[in-house]
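Only one chain is included here, represented as structure tokens and corresponding to the form predicted on its own.
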Amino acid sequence: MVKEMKKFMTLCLVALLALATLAAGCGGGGDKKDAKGDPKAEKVLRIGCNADFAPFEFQDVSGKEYQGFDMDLIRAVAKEMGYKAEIQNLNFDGLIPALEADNLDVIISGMTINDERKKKVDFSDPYYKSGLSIIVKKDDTSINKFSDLKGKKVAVQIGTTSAMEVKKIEGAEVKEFNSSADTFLELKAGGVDAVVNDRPVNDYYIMKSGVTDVRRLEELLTSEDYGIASSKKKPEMKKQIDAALKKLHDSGEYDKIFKKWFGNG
């Protein structure tokens, strides 16, 4: 009788284990995968940025939300890829190591595509072309390219690439200021003929301030392409990102995001 009872209890235990296994396999979200390939996790794209580079990435006044051109773009990219965007704020020099350690899936942080970084990560197709640009008064027709700055008064931010490059222009009178905002004020006051800053800084100023009496020249001095970085161990990620970027361009969504942060450029 005892042997029969033990046999019965064993069969019951096996049956319970089988039911538990079946229930686990049929649980909600079982077909979802995150970017690491975990079949039980929600589809999450782990995104790294350094939220200290307005207008590309920064935190709002509450310190809770990440905003900026990059942030809107990567959320749209993640949506196209079928992922939920999960953004992490890290020091810039820690972004690539975090990606290499598989703590991130992608990086978007105004990161310039260059040969040194390409040895460590895969970059998407360029999503933004940066470089130094000129702002002048709208009615000033004497300045249309960088070589026209010869003999002109030019405002730059001290210690920047802008300051270094404009000083190379023969005959240009360089006036250095502590901030980019001060360079714009000097142009408005008529103290200089032109302002030279990074293109996104100039575009953001024109868009946010609503000024209509200035114009940005199309020519760029130096040229830098920004890209979305992903791990070399996951080449499919780059393909998915590039496909998503193409869809955003084709649909006009990219242009909407660009206009939100930089105006018509």
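Nothing here was measured: the structure is a model prediction, and the numbers come from that model. Residue numbers run from 1 along the displayed sequence.
Not on display, but discussed next: the form predicted together with a small molecule.
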Problem - Interface stretch in the model of the complex with the small molecule - options 108 to 116, 184 to 192, 74 to 82, 133 to 141, non-hydrogen atom within 4.5 Å - result: 108 to 116
Practice task
Could you confirm whether D203 comes within 4.5 Å of the small molecule in the model of the complex, counting heavy atoms only?
Solution key: no
Exercise for the section: Using the partner position in the model of the complex, report whether G151 sits within 4.5 Å of the small molecule, counting heavy atoms only. Expected result: no
Handout entry: Interface membership of Y128, the small molecule in the model of the complex, 4.5 Å heavy atom rule
Key = no
Problem - Any non-hydrogen atom of G171 within 4.5 angstroms of the small molecule in the model of the complex - result: no
Practice task
Since the C-alpha distance between D250 and S133 changes by 3 Å or more in the model of the complex, give its direction relative to the shown form: closer or farther.
Solution key: farther
Problem - F92 and G159, C-alpha gap in the model of the complex relative to this structure (3 Å or more) - result: closer
